[in-house]
Ligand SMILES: Nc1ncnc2c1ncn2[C@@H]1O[C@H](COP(=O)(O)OP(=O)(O)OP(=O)(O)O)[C@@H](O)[C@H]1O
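Only one chain is given next, in structure tokens, and it is the form predicted on its own.
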Amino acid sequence: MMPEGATAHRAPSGQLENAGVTRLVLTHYRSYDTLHFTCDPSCVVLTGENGAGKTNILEALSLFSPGTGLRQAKLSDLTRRTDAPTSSLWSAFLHVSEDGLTPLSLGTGLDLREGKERRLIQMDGRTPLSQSDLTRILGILWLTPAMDRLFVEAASSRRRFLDRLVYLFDASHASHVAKYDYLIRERLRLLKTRTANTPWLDTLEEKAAQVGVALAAARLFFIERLNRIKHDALGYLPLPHLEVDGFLELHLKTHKALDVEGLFQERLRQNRSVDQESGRTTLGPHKTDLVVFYNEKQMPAAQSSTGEQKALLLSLIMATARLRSQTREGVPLLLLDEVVAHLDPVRREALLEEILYLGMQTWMTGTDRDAFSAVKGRMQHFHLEKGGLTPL
């Protein structure tokens, strides 16, 4: 039963058929000494008591995207804790199947060989990959209870959230974010030395302006696309409207990209003494904020009730998933951790039906197996208990 005003959307014709994760192997990861999990590329439901390890599986999947995963944990914190004097390093491997082709093998894990924590990523056990390379293979989107306060947290949280959404549509965005951060750090390092290396500063600021504008333009393009699909909104969720509050994004709305690059480069040059004294870069896309409005009530999401904020965030995630389902680049994955728990039965069923119609492999967790009864037999369902998985 669909709630009044709700619309079910069938999987777009451009969506990949039978694409998703078909095997996951975890070693010395969180609560798992070892886990060997196989499934087909359709949707997966994981149920079990709190602490059973459901979210650990979603987190492991999220590590096959740029960044530090859905918990944003330190790499060393992912290693399973034991009574042994030393713990083995964690690793995660998965197979990605796509349209009946030979599964692609991806692996990631903790590496301490150079005296510091870093994450290794490999394809087919030998080809090294960068984090940005992952966006060309997998497009991973997630929603967790920890994100419920996104609209009232610091701007940096919303900015990281926005960039993760852009990764799904622009494979170069992750590398642009990493390169911009590097250039800004190098500029600050040089400023702190108080050496008059003006030519090198000029070069760093020119490159930072180029990459920063590309980064800001990708954010704007995504926001414009997402706002245009209002007619395709789910009738049982509030409609969000998104804006980007940032120096570069604001100027890109009325000026050519090259002109904005020149303006940003000049502002960086003018701010050298200020940035030198403050020890931070005072202007740029690293200061951008994502502003979300509750469209129907014409009010900022931050001023909405707790329940409305949760619904707005879910609506934003599902709108992004619908938009992502219209492209064939990479295999999309949707990770929903304990999302159905706060929905009433009618809206819960409508969400589950929407997920099925999208044709995107979705991994969902919950403590109540009955919450997924509406899709029994149409989604793979596994129950976790004491580290073991039982098909239902």
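Only a predicted model underlies this, so the values are computations on that prediction, with no experimental measurement involved. Throughout, we count residues from 1 along the sequence that is shown.
The next section is about a form of this same protein that is not shown, the form predicted in complex with the ligand.
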Residue-level contact is defined here as any heavy atom of the residue lying within 4.5 Å of the ligand in the predicted complex; does Lys179 satisfy this criterion?
no
Taking heavy atoms and a 4.5 Å cut-off, does Ala52 contact the ligand in the predicted complex?
yes
Is it the case that Glu353, even though its partner is missing from this view, gets within 4.5 Å of the ligand in the predicted complex, heavy atoms only?
no
Is there a heavy atom of Arg30 lying 4.5 Å or less from a heavy atom of the ligand in the predicted complex?
yes
Could you tell me which one of Ser304, Ser132, Thr79, Asn271 places a heavy atom within 4.5 Å of the ligand in the predicted complex?
Thr79
In the predicted complex, the one of Gln326, Thr38, Thr367, Ser42 near the ligand [non-hydrogen atom within 4.5 angstroms]
Thr367
Using a 4.5 Å heavy atom cut-off, indicate which stretch of 356 to 364, 343 to 351, 61 to 69, 42 to 50 touches the ligand in the predicted complex.
42 to 50
